[in-house]
Structures are given as structure tokens and as C-alpha cells.
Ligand SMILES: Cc1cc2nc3c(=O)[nH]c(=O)nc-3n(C[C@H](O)[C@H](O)[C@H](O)COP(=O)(O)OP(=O)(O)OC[C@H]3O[C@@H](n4cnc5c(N)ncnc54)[C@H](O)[C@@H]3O)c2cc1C
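In C-alpha cells, the next block holds one chain alone, the form predicted alone.
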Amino acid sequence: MPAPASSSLAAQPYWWDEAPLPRVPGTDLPRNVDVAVIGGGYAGLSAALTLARAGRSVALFDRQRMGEGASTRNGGMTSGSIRPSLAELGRNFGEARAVAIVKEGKTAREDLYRFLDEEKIACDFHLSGLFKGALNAADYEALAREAEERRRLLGVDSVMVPRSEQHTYIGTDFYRGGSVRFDIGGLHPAKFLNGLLERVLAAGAGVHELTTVEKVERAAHGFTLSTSRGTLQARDLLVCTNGYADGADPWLRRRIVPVRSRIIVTEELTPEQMARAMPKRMMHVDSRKLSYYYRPSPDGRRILFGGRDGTTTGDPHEPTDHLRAELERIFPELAGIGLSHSWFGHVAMHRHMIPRIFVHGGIHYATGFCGSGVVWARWTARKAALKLLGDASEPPSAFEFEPPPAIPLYNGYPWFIPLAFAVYAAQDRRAMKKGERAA
């Protein structure tokens, strides 16, 4: 049995130790702006930057501190993952749209890397590559097919790693081999957030944190926003709240499901332990339904290990204990290792499970990043801002869709999460037993 979670664990993100949440100087609320943006994470900041640099007056709002949500609570992996397979996308949207979606993932990742370089944002970015572990032979074959699709459609190099060679990439016998791709890396989420915010402020956008947008109404020339600090008029409105949508937009809340994603952090490991566990210092995920993601800290001294939380209220110890057990299942050598941090943030899921750009009631939206917001939040919000501007200098995004459908019997509280997690966990147990029998 793993050691129980300690009440002395820091409940705030590890990332905040080195890059605390910035404090934005308070400014008066304007009476009128060209565009109001709701949501102060990567998405809202990216949209505000695009709009302000295009010469629009912008007011950016968040009910918390800037970036206090998932933008500084994530694992910092630049995956830009699309959850449905190419075949699933083809069945849902047609083959041409499916291929366009997959190709845009590559474009979005490359654009993020270009942006970090051109803007000189120091956020410990490293193009490390990513190892994805297979639970059994069938998963390994599925990963091989995915690797071939990436090579064929995107020209992305991938390497299949049989179990006999996986210690070259990860110090575990838990997986039955895996795949390695070299176009994914990692960064420091809070440093990235701070760099984005600095550029938004320099571009002249108005940034209003700790300001709740309580109500939005259509007006003669746009929208009236009633906030906790007063009222303003906006010609256009862009919503980028993702997993933090609230009662001010009940229509959106019926379509977007907030799911907790939790990360634990080990105490400092010895250089020898890190070299055995993560010899290539890569990002890591696996093929489980309830997939786990883990990586070395930017300084290479700790392991950050994350997965979906499965709880909906409070901050109980059980999810931390569960992640510790899974960490030890993959790395038995780390049994009993001390933990320093455990926290969660909300990712946003919906029925089609791909990022979305859409317009409803005249309001523009960029949302539903499905756990891969480091790439998708910035990309889709930027594309939504260009759409709002009427800027045709770039091709339209493959993620411009109709709004996601409402979820039956759901109005914002994800009561069904524990049941869904139980089903997925049972499927994962069967997959692991299948791999054990074949070993």
C-alpha cells in the first residue's frame, strides 16, 4: 500500500514556487471597448494580444487572478493532442475534414514554438520528445498505426520501441513497449503565462482580474457586460473560459464539462534515480482510457505525475493517494518517495472531444480544449480573434464548427463523472490483465 497523502503537501501548483501568479495593476473599467474577452488564461490572453496588436481597444476579464485556472495548473506538455482517432474523425466529420484537423495540430504546435522564439518568452521550453506506453500487444499495434499515419500525413518522425528496448526511454517494465515522437516538448506553464501577460499589457489591452462578468445582454451596438466592478459596452465579445465557465453563460455550461486533472510532484530525486526513471528527460503518457501523463521538472530533479482526478467537490486525499499508487506501479523504485505538491485544475470536455471555434448569439467562442490546452488554447483563441477581425490573411481553421451539442440532464455540475471514471477504470484493468497474460 502506498503511504497516505500528507496534509503538509502544498496544495498550490509547483509552478507557482518559481513563477508566482502576477499581480496586475488595477485600472478603471472603461465605458466602451471594441472587444471584451472573458477568461484570463492562455486563450483569453492570446485573443487579447491578437486584437490589441490589430489596433482594437480590448478589455480582458477574469473572476480569478490572470492564469489562476488551468493555464498555470497543467503539466506543461506541448502535445496538441486530438483525442478521437483519424478514423473516428472521418466518421464524424468526413475524411477531408479529419485530415485537416490532424494537419492543423502540427501547424499549431509549430506556431507555438515560433511564437516562443520570436517573442523571446523564457519559459524553459525544451523539444524533448514524447514516449507513449502501451498496455498490451493490441495497444502497441494501435500506436504503430498512429505512427504510420503521422509519417504519412504530417511527415513527423516516430519510433516504435519494443518492450525489450523501452528502458532506453523509460525505466519501467510496466509497459509492453511504446512509441516515441519528436515533435512534442515541455515548458513551464506559469512562466509562459507571465510572458503572455507581459506582452498583452505592452500591447495596450485593458486587463481586469478579480472581476466577475455577472451578466451579458445584447445591446443596440453590441453587448452590455455587467461586472462586479461596473458596466461597460463592447461591440464584440469573445469567450475563452474553457473549464471555468460559470453561471453567467448557462447556455455554454450545458455543453462544456469541467473535469478535474490533478498533478503530484515528488521530492527531489537523486541524479541516479532520475537517470534510471527518465533517461531521455522526455514527456510521457500511456494508452489507458484514464491516461496518466508525467515528466521531469525543468531542472531535472523531480517527477511531475498527473491524471484525471475523478472527484467533483472538495479536495480529498484519495486522488493524491491514487496518483502516488500509479506512480509507484510504473516506477517501483520510487515506492514511499516523499511528495511535495498536489493540486488540480479543470480541463474542459464535450461530446465531440475536439477543440472548438464557433459563434452563438453573436458571441465568439474558443473552448473545449480536452486536456491539451497548452497548444490549443493559444491557437484556437488566436484564430477566433482573427475571425472576429475579418482577417483573411490565413486559412480558416479546421476547428470552426457549429457549437457542441448540449449534454442531456446536465446544467454545469458533472454528476456523472464518478460513474464514467469507474467504467474507464474497469476497461483499463482488463487491458492491463491482457498485457500481463501475454508477458
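Don't overthink the numbering: it's just position in the shown sequence, from 1. Computed from a predicted model, the values in this text were never measured in an experiment.
Here the subject shifts to the form predicted together with the ligand, a form of this protein not shown in this document.
Though the ligand is not shown, can you say which of 140, 131, 125, 244 has a heavy atom within 4.5 Å of it in the predicted bound form?
For this set of options, the contacting one is 244.
By the heavy atom within 4.5 Å rule, which residue out of 248, 353, 203, 156 makes contact with the ligand in the predicted bound form?
After the contact test, the surviving option is 248.
Is it the case that residue 347, even though its partner is missing from this view, gets within 4.5 Å of the ligand in the predicted bound form, heavy atoms only?
Close contact exists here: in the predicted bound form, residue 347 approaches the ligand to within 4.5 Å, heavy atoms only.
Considering only heavy atoms, tell me if residue 69 and the ligand come within 4.5 Å of each other in the predicted bound form.
Yes - in the predicted bound form, heavy atoms of residue 69 and the ligand come within 4.5 Å of each other.
Is there a heavy atom of residue 42 lying 4.5 Å or less from a heavy atom of the ligand in the predicted bound form?
Close contact exists here: in the predicted bound form, residue 42 approaches the ligand to within 4.5 Å, heavy atoms only.
Although the partner isn't part of this model, could you tell me whether residue 57 comes within 4.5 Å of the ligand in the predicted bound form, counting any heavy atom of the residue?
No - in the predicted bound form, heavy atoms of residue 57 and the ligand never come within 4.5 Å of each other.
Check, residue by residue, if 79, 263 and 371 all come within 4.5 Å of the ligand in the predicted bound form, counting heavy atoms only.
Verified in the predicted bound form; spot residues all in contact, yes.
Can you pick the stretch from 57 to 65, 407 to 415, 25 to 33, 389 to 397 whose heavy atoms fall within 4.5 Å of the ligand in the predicted bound form?
Within 4.5 Å of the partner lies stretch 57 to 65.
Scan 284 to 313 and write down, in order along the chain, each residue with a heavy atom lying within 4.5 Å of the ligand in the predicted bound form.
Going through 284 to 313 in order - heavy atoms within 4.5 Å of the ligand in the predicted bound form - there is one hit, 293.
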